[in-house]
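Okay, here we've got a single chain as structure tokens, the form predicted alone, with questions on binding and movement later.
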């Protein structure tokens, strides 16, 4: 049911922008501090190898009908409380191994093609919610930044100090958004305004809220993500 008002990348174009081979390269915001003590070390290398074989970076995930939306089901989890952001002064920084670094205002972001999708948000804590998200595809932003051919990862920094990293194939998935709408209305601050990640292919803790910076890079830092550094799985695909 989602509307993507732009032409989709061809497989050839996808590999050109991502720097990936034809075989395919496959390797927030969810979770509470009280849950941190319950997390054990996962067999991440094995999990990632399995996901490398089954993840299709271009395959869309089935979406839901407007009647399926669950307006009250999305639980508000915070990392260090809700940050105060002046949306008039807000800039999204895109840097790293790119040929065209970006510093975008919300007006500039909202002038780009709007994509809307109704998907299930799945939290590692065991709850889920069907939500309609609207915003700009992350693919669009990455394209504007003109990443270098060796880029394989995207790092996300948030206004509250939260940090995350994704593989570039997941970041370029056509249903991965930087959302500024929720259920047809402006995104509430508690849900991550002015911009948050939203995607049907990742667990909730990968979907950072209050995103302020995206850094594209060819290497994976030892600091992979706040919850991953506590023992969560890095890929966290659904």
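Since the structure is predicted, the reported quantities are computational estimates derived from the model, not experimental observations. Residue numbers count along the first chain shown, from 1.
From this point on, the text means the form predicted in complex with a small molecule, which you will not see here.
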Legend entry - residue 143, heavy atom within 4.5 angstroms of the small molecule in the predicted complex: no
Legend entry - Partner contact for residue 78 in the predicted complex: the small molecule, 4.5 angstroms, heavy atom: yes
Inset, instruction - Check whether residue 208 has any heavy atom within 4.5 Å of a heavy atom of the small molecule in the predicted complex, and answer yes or no. - result: yes
Inset, instruction - Examine residue 162 and determine whether its closest non-hydrogen atom to the small molecule in the predicted complex is within 4.5 angstroms. - result: yes
Inset, instruction - Considering the small molecule in the predicted complex, find the one stretch among 97-105, 78-86, 144-152, 111-119 with heavy atoms no farther than 4.5 Å from it. - result: 78-86
Legend entry - Site check 64, 69 and 181: each within 4.5 Å of the small molecule in the predicted complex by heavy atom: no
Legend entry - Option touching the small molecule, based on a heavy atom within 4.5 Å in the predicted complex, out of 136, 92, 74, 168: 74
Legend entry - Of 194, 200, 204, 174, the one that lies within 4.5 Å of the small molecule in the predicted complex (heavy atoms): 204
